[in-house]
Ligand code: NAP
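Let's start with one chain on its own, the form predicted on its own, as structure tokens.
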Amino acid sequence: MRVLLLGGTTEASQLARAMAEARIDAVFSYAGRTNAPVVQPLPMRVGGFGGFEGLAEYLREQRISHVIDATHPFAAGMSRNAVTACAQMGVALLRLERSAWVPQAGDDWTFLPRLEDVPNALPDTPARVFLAIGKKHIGLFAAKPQHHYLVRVVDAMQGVLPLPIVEVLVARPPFTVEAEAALMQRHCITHLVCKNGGGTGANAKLIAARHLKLPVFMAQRPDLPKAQTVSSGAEAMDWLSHVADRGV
């Protein structure tokens, strides 16, 4: 058995540690979106594969027998490519997908089908908006230039942002609820924008927004092709042990 672990999430890093401790022959793959990815206890590769064709070729060359897709729920392209490539090469695929966030008592959430729908849902009157969405889609919010934006990213951004009123904060999670609340108060945030990444590693901002009674604009997850899915690293390890026992 040789496993390709498609990572980029806290859950993927936790699973990598479990796989290393179990001495499973595996490779950890990063998409290469950050300049300094977290070092993993497994052999690592960084960068894209070149579509599903490139991924299929990698599976063949590396004699990969099993793939675990533990990418971010919004890394839809990679997840779709994994389904297609694994089907083409006859490789077993498991998706490790953390549970989506759901509103709790006291939350003021507006769900939008896509991140592209969020800017038009923001108020027309000037507001102070915390964009907790990463750097890829910041340009969407140029449609509402009257707002003051706080953008938080993992790596320093290059070039001029397409937002006339913006502050950039470079910081790497995890964050505590207290720190998130203090950040929002310090910047006088009135609205929070985020993607429904789910899990417990990044929900502190949502709890802080609840405590501060701030409205949240939440982009829903993209649709993905069907695949066998689990919600925890323990379940993924069980899957690996079962397929190993069966000699799959």
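The first residue of the shown sequence is 1; numbering continues from there. This structure is a prediction, so every number in the text was calculated from the model and none was measured.
What follows is about the form predicted in complex with the named molecule, which we do not show.
(request) Considering the named molecule in the predicted complex, find the one stretch among 158-166, 75-83, 102-110, 119-127 with heavy atoms no farther than 4.5 Å from it. (result) Stretch with heavy atoms near the partner: 75-83.
(message) My question is simply whether residue 33 lines the interface with the named molecule in the predicted complex - judged by any non-hydrogen atom within 4.5 Å.
(response) Result yes; residue 33 sits at the interface with the named molecule in the predicted complex.
(message) I'd like to know if residue 43 sits close to the named molecule in the predicted complex, meaning any non-hydrogen atom pair within 4.5 angstroms.
(response) Residue 43: no contact with the named molecule in the predicted complex.
(message) Can you tell me if residue 136 lies within 4.5 angstroms of the named molecule in the predicted complex, counting non-hydrogen atoms only?
(response) The answer is yes: residue 136 has a heavy atom within 4.5 Å of the named molecule.
(message) Just checking whether residue 217 would be counted as a contact of the named molecule in the predicted complex - the rule being heavy atoms within 4.5 angstroms.
(response) Answer no; every heavy atom of residue 217 is more than 4.5 Å from the named molecule in the predicted complex.
(message) Do any residues of 28-59 have a non-hydrogen atom within 4.5 angstroms of the named molecule in the predicted complex? If so, which ones, in sequence order?
(response) Heavy-atom contacts within 4.5 Å come from 29, 30, 31, 33, 45, 47, 48, 49, 50, 51.
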